[in-house]
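Only one chain is included here, represented as structure tokens and corresponding to the form predicted on its own.
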């Protein structure tokens, strides 16, 4: 029994680089899923003219959107802690996109707060533009940065831009699904159309992106794209997108939400497959080459994983409290 424990312990220690790679990708997935629907709500806000409907959209994600941004901080912190060489290269090589992303988050956050400071139509319209623009630019820039990172491609290349557009469209899809599960039937029926269209555009975009990667062998990823796991992810995405659209048309909005959230989760899994074992394709740096020293890795493991579990517990509690539909100007208790 002691020998078995020692063997398992030795295996886990040896696998820590891969475990931390998985943890970093998990944080990325949580951010893309949770803040993704926040971005989608911000973009769908542009379709509303009625002030009460605008307030309903802001109320829908008001209690959770600040918390959702914790995951981009967790992603950056975990990347820095476990793979500092990758962290420094990502920021150094893509600093304009990273800066633009942070500024987009800033203006998105200022919009809803500042529009409430004056009861003036022009003032509110200005900050609505800030909110909508930030909600559109943040996923576009973040996705484009990811495309450059994964495919070692220029900013204005097809792989980078299609990745950015893909994150925008999947955000609209998840935002619409979240809102339909929270709002009254008339508004939900209107919003689901945007979600279904966004889902279709997203799926077409994924196929176009992967086809482009195969044709151009961007970042040397063609072989991975043609592998069975990637094919399975594409198939599951089609099933989730198509099945979710059917659920939406039948008015089963909570089931649609679950299905829609599967799309960015599968997208994040695709990113993980494309980045392993070469975590930074522009330099050919692998996971085991990029990881910190064993002593430092053991230390961040001891300190980091309990903190991650605590964050997960908090999110379970938060979404449990605000799991119901919107009633009036707040959530139904």
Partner chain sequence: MFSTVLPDVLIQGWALQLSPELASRAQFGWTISVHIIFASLSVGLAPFIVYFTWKDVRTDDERFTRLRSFWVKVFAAGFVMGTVTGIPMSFQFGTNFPQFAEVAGELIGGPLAFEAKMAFFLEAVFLGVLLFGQERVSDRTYILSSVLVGVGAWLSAFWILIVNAWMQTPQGFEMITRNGMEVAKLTDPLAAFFTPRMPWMYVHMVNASVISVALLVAGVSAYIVWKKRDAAAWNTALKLAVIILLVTAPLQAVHGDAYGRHVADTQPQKFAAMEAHYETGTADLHLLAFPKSIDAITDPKAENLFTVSLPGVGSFLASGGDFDAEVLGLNEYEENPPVAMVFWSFRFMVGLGFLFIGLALWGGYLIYNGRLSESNRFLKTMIAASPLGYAALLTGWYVTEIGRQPWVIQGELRTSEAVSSTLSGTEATLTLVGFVVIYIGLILVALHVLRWLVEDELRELGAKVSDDDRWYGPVPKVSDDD
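Because the structure is a prediction, the values reported are computed rather than measured. Residue numbers count along the first chain shown, from 1.
Quick note: we don't show the form predicted in complex with its partner chain, though the next part is all about it.
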Under a 4.5 Å heavy atom criterion, is residue 16 part of the interface with its partner chain in the model of the complex?
no
Just to confirm, residue 44 within 4.5 Å of its partner chain in the model of the complex by heavy atoms?
no
In the model of the complex, does residue 63 come within 4.5 Å of its partner chain, counting heavy atoms only?
yes
Quick check on residue 118: any heavy atom within 4.5 Å of its partner chain in the model of the complex?
yes
Among 155-163, 247-255, 193-201, 227-235, the region lying within 4.5 Å of its partner chain in the model of the complex by heavy atom distance:
155-163
Looking at 214, 207, 239, 98 here, can you tell me which has any non-hydrogen atom within 4.5 angstroms of its partner chain in the model of the complex?
98
Contact residue in the model of the complex, from 29, 274, 291, 57 (heavy atom within 4.5 Å of its partner chain)
291
Within 4.5 Å of its partner chain in the model of the complex: residues from 81-116 (heavy atom criterion):
81, 84, 85, 87, 88, 89, 91, 92, 93, 94, 95, 96, 97, 98, 99, 102, 103, 105, 106, 107, 109, 110, 113, 114
